[in-house]
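Presented below, as C-alpha cells, is a lone chain in the form predicted on its own.
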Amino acid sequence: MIRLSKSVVGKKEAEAVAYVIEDIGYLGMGATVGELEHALEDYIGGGFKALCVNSGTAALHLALQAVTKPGDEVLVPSFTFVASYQAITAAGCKPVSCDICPDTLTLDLRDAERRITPRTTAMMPVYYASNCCMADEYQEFARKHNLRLVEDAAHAFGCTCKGRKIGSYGDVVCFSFDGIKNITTGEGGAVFTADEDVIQKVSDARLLGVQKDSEKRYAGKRSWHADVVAQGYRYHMSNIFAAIGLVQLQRFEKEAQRYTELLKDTPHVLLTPMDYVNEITPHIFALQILDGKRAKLEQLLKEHDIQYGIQYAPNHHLTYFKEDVELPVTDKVYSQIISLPMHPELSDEEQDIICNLINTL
C-alpha cells in the first residue's frame, strides 16, 4: 500500500520523549515547552512570540477569542477543513462562507469584500495545500477594512512568501503540528503574534484562564494564588509533545517538485502553480482532475492499493454549518480535487507508479 500521509518519527524522537519521562520527570507543560517555543521563534524569525497549544484548532480558537467578541462575523473560505469553522463558532462568532480563487484555491478577496457587514470584525484566510502566495494581499485587505487577521497556516509551516516566512509578520498566525503536518509534536499547534494583548490572552486561556500561569509552568511550578478573569481551556502543550517537536524541527522537508515535473503536461490534470523549490513546503499535494475523470482515477488508485484524499468537503454543505450560499468556484473545485500521497518517505518509484496511472486517464 502507498499511504496518503504518515507520521515520520523515529529513534531520536523516542529518545527525546524518554529524556522527559526519565530525567526531567515533569510531563505537563514546563521548560521543554518553553524551549520549543524559543526554537520555533528562532526558526521563523521576525520577532513574533510563539505560544504552543495542544492542537491547531485550539490555536485558531484562542486566537479568534482574543481578537473578537461573541456575535462577530469572520470571513472564511468554505473550502477548508471543518476545524476552521469549529474554531470560529467555539469563539462565539459566525463563520461567513466565502468563495475561493480558481488559480490559488484560497480566499477570494473580491467575494469576501461583498460579504462584509457592520458585524464583520475578522477574517481567516486558509493556506490550502500550503499555498501562501496571497499573504500580503490578505494583510492589505484587513488593514483596508479594519479587520483582525487570523491566518490559518495549518498547512504552511516552513513556507515563505516573497522571502519572508509565514508567521514572521502580520497580525496573528496559527500553525498545526498534528501527526501528519510539516512537523509534528504528536498533537499540537502554535499561535504566533507580536500583539502583547493577544499574547497574554492566549497564554492565560490555554491554561484554564489562570493569569500568568505560563511563567510558572516554564519553571516547573504552579500558580496557587493566581486569579481567573476570563474563560479558559485546557489547551496547553505537554513537555512530551514539545520534545518530539524539537527533534522534528531538524527534519521536515517534503518533496513536491517532482510531482509537478511528472504531471505538468498530462491531459485532464490541472495543477495549482506554486514555487516548491524556494517557497512552499507542502502539507498535501492536491490537483484537479478535469473532464469528469476523477472517479476513474479513484478506481485506479483503489485497484493499485494507493491511498488518496478528497480535501475538503465545503463547510457550507455540512449539516451543522449548512447554508444556502452561492460559491461556484468552491463547488467546482470540490468536484475535481484529489490529493496524492505526500510524505517524507514517499519514494521516486512510488511517485512514478502514481503518475503513470494518471497518464492513463
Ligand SMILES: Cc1ncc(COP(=O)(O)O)c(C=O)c1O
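Predicted, not measured: the structure shown is a model, and the values here were computed from it. In this text, residue numbers run from 1 along the sequence as written.
Here the subject shifts to the form predicted together with the named molecule, a form of this protein not shown in this document.
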statement: The listed residue (259, 141, 81, 241) that reaches within 4.5 Å of the named molecule in the predicted complex by any heavy atom is 81
- request: Taking 4.5 Å between heavy atoms as the contact cutoff, choose which of 123, 154, 88, 166 touches the named molecule in the predicted complex.
  value: 154
task: Tell me, please, which stretch of 241-249, 212-220, 287-295, 177-185 lies within 4.5 angstroms of the named molecule in the predicted complex when heavy atoms are compared?
output: 177-185
query: If you check in the predicted complex, is residue 65 within 4.5 Å of the named molecule, heavy atoms only?
result: no
message: Whether residue 312 contacts the named molecule in the predicted complex should be assessed with a 4.5 Å heavy atom distance threshold; does it?
response: yes
- request: Let me know which residues along 45-61 have a heavy atom within 4.5 Å of the named molecule in the predicted complex, or say none if there are none.
  value: 55, 56, 57, 60
